[in-house]
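Heads up, the chain below is alone and in the form predicted alone; it's given as structure tokens.
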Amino acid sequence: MKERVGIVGIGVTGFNSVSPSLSFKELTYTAAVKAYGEAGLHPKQIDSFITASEDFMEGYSIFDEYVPDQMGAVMRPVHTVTADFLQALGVGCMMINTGRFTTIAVEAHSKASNVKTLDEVQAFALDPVYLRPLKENAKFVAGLEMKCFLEMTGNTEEQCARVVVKNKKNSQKNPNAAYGAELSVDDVLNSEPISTPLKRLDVSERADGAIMVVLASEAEARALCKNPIWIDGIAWFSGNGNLWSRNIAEADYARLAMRKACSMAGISDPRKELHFAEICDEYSYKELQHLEALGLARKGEAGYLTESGVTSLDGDFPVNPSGGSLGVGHTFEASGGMKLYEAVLQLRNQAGARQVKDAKRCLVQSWRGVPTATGAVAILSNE
């Protein structure tokens, strides 16, 4: 990046399995008030606004027409990035680096509890000729990916189960988490089969919530905030969209995005230069797959690192201290934002009982979900 971009304000609502008393506008408004309060800015002092949202999930077309009120952006520049929050964050960084914007607000939310036919909505993303006529859903495809990944790398179902146990245990220390639990490996392995070898507890449950982040140019960030969190590198990639013509055992999108983000941040050895990671664990096997794709583990090693405690909260390299999507809940377009919020708390030394010791630099990673090969990586620091 031409100049560093800082996070000067961040706000979330707690993530819950349902939020019957709140609309998506109220969730967003709550997060926005918190973010603007931290930044010490009035919405009129924000140069432009971004929402990360998917029209089909929202049930509205041209969804950014429905966000200005609660963001304080009426009659102001607003646009949608139809992708995960981290990709919208990257767009905000690029806007600041044009020199035409000083402050940007980025929003994402999930009101998944309002979607009565969530499986059908996700299935609509599948290929309309070869896959959709099979009447299967995203979890069926995830099961195929999991089986291929385990067979190609030597990681095991038991090690995937340990990811679930670890993340749900971590989330018990997270007041924003919806699905904290004390489980055993056998609990996970004996849960109902979804798409062999994928089981019910291998799948993150949906959650409602919202996040708002205020970005600022380096000079403005230093003027506004005593301890801005810096975005040292951010990138995203999309691979082959056809399931039948790509290697579903690998996550090339994560590998390529990581390479670019590390280059921007000046990082040559992620395991030594980063202190923890918040990565996509929408399904348990995805945490292991992403660890290997991101260069945080060698091929076939991710399961062992989990089993031996390296990635636990008190391990040498904590992964998903927040509890991840398995513990906090899957928030769809807001998933990367939920993980970013945890990273900011850790770097501010505000994570409470789940605080990672001496956390100074970290990685946040997201995946767009089945059937995509799209993912983003952001590297953050507090110095």
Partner chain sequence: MKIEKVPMKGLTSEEYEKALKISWKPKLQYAWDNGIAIGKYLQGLKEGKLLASCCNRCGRIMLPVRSFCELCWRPTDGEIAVNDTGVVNTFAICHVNWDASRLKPDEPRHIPAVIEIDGASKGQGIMHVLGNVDPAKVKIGMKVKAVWKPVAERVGSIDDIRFFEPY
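All figures in this text were calculated on a predicted structure; none of them were measured in a lab. Numbering follows the first chain given and starts at 1.
Below: the form predicted together with its partner chain, not depicted.
In summary, among the residues 77, 193, 128, 175, the only one with a non-hydrogen atom within 4.5 Å of its partner chain in the model of the complex is 128. Put simply, of 113, 238, 137, 102 only one has a heavy atom within 4.5 Å of its partner chain in the model of the complex, and it is 113. Using a 4.5 angstroms limit between non-hydrogen atoms, residue 124 touches its partner chain in the model of the complex. Remark: residue 120 counts among the residues lining its partner chain in the model of the complex, judged by a heavy atom distance of 4.5 Å or less. Using a 4.5 angstroms threshold between heavy atoms, residue 70 counts as touching its partner chain in the model of the complex. The shortest heavy atom separation between residue 351 and its partner chain in the model of the complex exceeds 4.5 Å. In plain terms, the part of the chain that comes close to its partner chain in the model of the complex, with a heavy atom within 4.5 Å, is 38-46 out of 343-351, 310-318, 323-331, 38-46. In the model of the complex, 22, 23, 25, 26, 29, 32, 33, 36, 42, 43, 44 are the residues of 22-53 with at least one heavy atom within 4.5 Å of its partner chain, listed from first to last.
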